Ligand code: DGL
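What follows is a single chain, given as C-alpha cells, in the form predicted alone.
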Amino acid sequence: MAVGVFDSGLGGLTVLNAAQKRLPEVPFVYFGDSAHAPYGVRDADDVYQLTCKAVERLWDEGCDLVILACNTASAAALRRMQESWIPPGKRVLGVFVPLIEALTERHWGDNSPPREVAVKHVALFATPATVSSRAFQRELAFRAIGVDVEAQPCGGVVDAIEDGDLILAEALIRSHVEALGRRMPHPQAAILGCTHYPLMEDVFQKALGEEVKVYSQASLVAESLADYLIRHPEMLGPGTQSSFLTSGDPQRVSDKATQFLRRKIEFIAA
C-alpha cells in the first residue's frame, strides 16, 4: 500500500512530511534525485528522461501511485508522461492542480467552464524551467478567467537551499521579490511554485508583506492526495515499507534532510 513521492532533491520532503501527517497509516517511499539536482535549469527532454527513470524506480518499490513533488517535473514532463508513457494500472500525479484549486476555490473534479475569481493579480515564484513552461498559466486558464499572473524565475534559490546556505537563499529571495515587485507592485496572492520554497516561506512572506496571501503546496497536496485515495483505493501499491532513496551521497543527503525536517532521516542509495 505504499505511495511514491519524487523530487529532484530535498524540496519534496515538505510534501512528504505533510502527507505523512495526513495519512499516517500509509507507507511512503521518497526518491530524491540529488545527483542531478537542480532540475530547474535543465531542458524539457532532460527533465522528462530523468523523471521517467525515477518513477520507474519507485514502481520497483511497489508504488503504483507516484506524486511528482517537483514543480519542474510536473511542468516539463507530466503531461507527456500521461499521454504516452504511463502503463495501465499506474498513476503519476503532479503538484500544480491542488494549488490552483485552492487559488480558484474550485473542488477536484469541477469541470465547469472557467469563471472569474476573487484573486486578480498573482505573483508566481518558480524555477526558470517551470516559468518557461507556462504550465501554471495553462492549468489556471482551464479554471479561471481575468487573472493576471506575473512569473519570476528564481535562479539560484534551490541550489542555495540544497547546499544548506540559507543566508544566500534569503538574499536571493529578497532580490527576486523586488524584481517581481517592479513589474507587479501590488499582488494579491503569491504562489510558491517549487516544493523547496516552503522551507523559506517566512522569508517570502516578509519580503512580500503581510497583505499578500502566500500559497504553499505541501498541505494542499497532502489533502488532495487523501481525497484521491478515498476515491481510488486500488492505487495503493503492494509496497509495505517506508524508505528514503537518493541518487546522491546518502550520508550528505541524510544530514541535509535531517536539518530541513528537524527529525532523523536516513537515505539509502537508490
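Numbering starts at 1 and runs along the sequence shown. No experiment lies behind these values; they were computed from the predicted model shown.
The protein also exists as the form predicted in complex with ligand DGL; that form is not presented, and the subsequent description refers to it.
S.K.: Exactly one stretch in 180-188, 131-139, 68-76, 113-121 has heavy atoms within 4.5 Å of ligand DGL in the predicted complex; which is it?
M.R.: Looking at the other structure, the answer is 68-76.
S.K.: Give a yes/no on whether Tyr39 approaches ligand DGL to within 4.5 Å in the predicted complex, heavy atoms considered.
M.R.: Yes.
S.K.: Check whether Ile161 has any heavy atom within 4.5 Å of a heavy atom of ligand DGL in the predicted complex, and answer yes or no.
M.R.: Ile161 lies outside the contact set for ligand DGL.
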